[in-house]
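Take a look at this one chain, the form predicted alone, written out in structure tokens.
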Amino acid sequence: MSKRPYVLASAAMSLDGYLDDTSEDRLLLSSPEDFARVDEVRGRVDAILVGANTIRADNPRLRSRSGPDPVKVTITASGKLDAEANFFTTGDVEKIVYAPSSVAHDLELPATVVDAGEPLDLHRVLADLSERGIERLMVEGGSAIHTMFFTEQVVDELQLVVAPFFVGEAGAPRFVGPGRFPQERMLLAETRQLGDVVLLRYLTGRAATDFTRLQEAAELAEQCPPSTTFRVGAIITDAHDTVLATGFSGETDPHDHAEEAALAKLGNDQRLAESTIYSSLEPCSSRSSRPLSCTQHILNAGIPRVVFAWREPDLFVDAQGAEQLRAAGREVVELPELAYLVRRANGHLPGVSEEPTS
């Protein structure tokens, strides 16, 4: 399977599932608080994608005030795009247009135009974005694009905002159109009130698995004996998400680290070559109690994938675990939304509280 970016779908809809009404003016579904949230999300992704219909109808700028502007991406079936649209003329970032083979070679636009196959192949689009260094892709619609991404089962996260009114116009665009959608239930990871709208954040597939397993690793930290250092939990799973081993700090010896304790139970298990290790805290990159850091243990074991919640604060050492793992070619996933669980387990340390300090 080709490597692809993490795909975050974002939409705001009415109570009856519409993205807009049929008037000429754009229907504002989000609250001021939600507009600020979306701006922050844009500042944390590498690229943002909208369909050609959205460019024609709304002429969006797709910029961020909270961080660097993301790369702009669109998909067009017809190639009917205005070179003077805000998509092309605003922001000093790369613009990428994906089109089917029959259209791509004739397009003349101030952007990188990419042949996406005939018919257009969404998996080819995502593989190309990955090769261009796009790791996190935000998809803002519209309806045809959301339908395409969900029916192709390439969405990892959905951030859906629900506005407190109805549209009720049969000709208005809906969040998604008809299609063969995946039938499994998504994991509800967060609900948040933002003014008079509600944010529902759902996770699917591996993203949902990572969230659940990392919660379980954080709960393991509660089994740690009293300590003057970090209390950490770790879980190792195989390629099919079967738990191979678990561990927690101080499990058999006061100097045990969680990842070390879990790995010690597996020896040279061949399944480690396709496994994931979940650690509530970023794996240590140096330590004084033993010669090998947890980062080195992970590298020696050949584990290709590491998921953690909280970056190790510089209380004892200058932590470089995530950087060392990435430099060695390992996939590193950070879920900072679960960091509060790790801080809660480590409230005995100076300067650590459940709430972030910044």
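Heads up: residue numbers just count along the shown sequence, starting at 1. No experiment lies behind these values; they were computed from the predicted model shown.
Same protein, other form: the form predicted in complex with a small molecule, not shown, and the subject of what follows.
Colleague: Work out which of the listed stretches, 268-276, 76-84, 232-240, 128-136, brings a heavy atom within 4.5 angstroms of the small molecule in the model of the complex.
Modeller: After filtering at 4.5 Å, what remains is 76-84.
Colleague: L107 near the small molecule in the model of the complex, any heavy atom under 4.5 Å?
Modeller: L107: no contact with the small molecule in the model of the complex.
Colleague: Taking the shortest heavy atom distance, is S31 within 4.5 Å of the small molecule in the model of the complex?
Modeller: So S31 does not count as contacting the small molecule.
Colleague: Does E140 reach the small molecule in the model of the complex, with heavy atoms at most 4.5 Å apart?
Modeller: Judged by the heavy-atom cut-off of 4.5 Å, E140 is in contact with the small molecule in the model of the complex.
Colleague: Does L203 reach the small molecule in the model of the complex, with heavy atoms at most 4.5 Å apart?
Modeller: Residue-level check for L203: no, no contact with the small molecule.
Colleague: Let me know the one among M148, A207, V167, V113 whose heavy atoms come within 4.5 Å of the small molecule in the model of the complex, would you?
Modeller: Result of the distance check: M148.
Colleague: Have a look at A328, A57, V332, A36 for me and say which one sits with a heavy atom within 4.5 Å of the small molecule in the model of the complex.
Modeller: The option sitting close enough to the partner is A57.
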